[in-house]
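Consider the single chain below, provided in structure tokens and representing the form predicted on its own.
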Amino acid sequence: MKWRRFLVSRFVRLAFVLVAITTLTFLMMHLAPGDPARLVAGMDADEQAVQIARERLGLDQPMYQQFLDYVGGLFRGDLGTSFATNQPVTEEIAQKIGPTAQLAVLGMALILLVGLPMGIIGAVLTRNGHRWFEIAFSGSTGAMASIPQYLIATFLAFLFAVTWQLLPVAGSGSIEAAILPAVAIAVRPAASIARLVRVRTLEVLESPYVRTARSKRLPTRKLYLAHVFPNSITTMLAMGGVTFASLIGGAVIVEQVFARLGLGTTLVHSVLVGDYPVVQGIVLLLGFAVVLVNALVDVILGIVDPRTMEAGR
């Protein structure tokens, strides 16, 4: 019953957020400046051509009918047609999603491989009385967590691609070209995760059950694997949704710096040229991805730490 209530509550919340995202992306075209029909027909087109374009886009229909048509198209996998290329938006997204997905996966891997161990090591050294390390850790991670991602990307490109010429400065055709962008979007969330994991690990190390385990001469390796590491994982999982959203937002900016032909670059270009169907499609896809990842994180947290089911009700 507890799991049923938990899953039902998460499903209701998920459905509400997805409906909100769908509604906002639909309103995007109507709230944006300019006339979409004029953009399709051409700025020099006469009124008759504009009216024909408006009827073809369904903009002559009442608002509620346009919304129903939009939602119906989503269920059919139809996100509309690009104003700029006259191609289906689904094809535009399919062509550009690869580099962005690669960037997100590599960025998340770096966060897991760097942020978690850095936080645990920081907690252990802090607890052992290394005051200098605590100051250095707090200062460095605080600085990394506050630097804008476009500055990190620019610095990495200048240092590793332009000055030392170790890695490509642009492109999306190889794994080497993805290293610098992945590092650029992973630095801030990895630093934030490390800070949170360090605080949580210090709390666990001072908890009564860890003290009891120490008093029973439990081997250090077993102590950390059985008690410290699982609690640190829970802390990181709790930040998983926010971290993924940060990666997606960072990818939009960082892809511009490294000239990667992904969803971020396409989104910015489509905004500049007024290609609203492509903007709608990409925003809807990224929004759905963030929401679904958050829902998945909630379920995993419920499995790893059942106490979160009670706290999240």
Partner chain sequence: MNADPVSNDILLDVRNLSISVENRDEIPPLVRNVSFHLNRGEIVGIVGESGSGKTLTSLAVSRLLPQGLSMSADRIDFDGHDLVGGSDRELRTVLGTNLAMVFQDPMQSLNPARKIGAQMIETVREHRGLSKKEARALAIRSLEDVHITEPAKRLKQYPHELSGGMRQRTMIAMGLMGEPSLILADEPTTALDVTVQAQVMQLLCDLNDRKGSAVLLISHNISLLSEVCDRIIVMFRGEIVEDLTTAKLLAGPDHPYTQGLIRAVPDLNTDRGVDLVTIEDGQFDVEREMNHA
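Residue numbers count along the first chain shown, from 1. Treat the numbers as computed from the prediction; the structure is a model and nothing was measured.
The same protein also has a form predicted together with its partner chain, omitted here; what follows describes it.
J.: Okay, which stretch from 190-198, 139-147, 238-246, 120-128 lines its partner chain in the predicted complex, with non-hydrogen atoms inside 4.5 Å?
T.: Of the options, only 120-128 has residues within 4.5 Å of the partner.
J.: Decide whether residue 215 counts as a contact residue for its partner chain in the predicted complex under a heavy atom distance cut-off of 4.5 Å.
T.: Residue-level check for residue 215: yes, a contact with its partner chain.
J.: Classify residue 2 as contacting or not contacting its partner chain in the predicted complex by the rule of any non-hydrogen atom within 4.5 angstroms, answering yes or no.
T.: Close contact exists here: in the predicted complex, residue 2 approaches its partner chain to within 4.5 Å, heavy atoms only.
J.: When the contact criterion is heavy atoms within 4.5 Å, does residue 90 count as touching its partner chain in the predicted complex?
T.: No, residue 90 stays farther than 4.5 Å from its partner chain in the predicted complex.
J.: With a 4.5 Å heavy atom cut-off, would you call residue 304 a contact of its partner chain in the predicted complex?
T.: Taking the distances in the predicted complex, the answer for residue 304 is yes, it comes within 4.5 Å of its partner chain.
J.: 135, 162, 109, 226: which sits within 4.5 Å of its partner chain in the predicted complex by any heavy atom?
T.: Residue within 4.5 Å of the partner: 226.
J.: If you check 231, 102, 154, 82 against its partner chain in the predicted complex, which one has a heavy atom within 4.5 Å?
T.: So the residue touching its partner chain in the predicted complex, by this definition, is 231.
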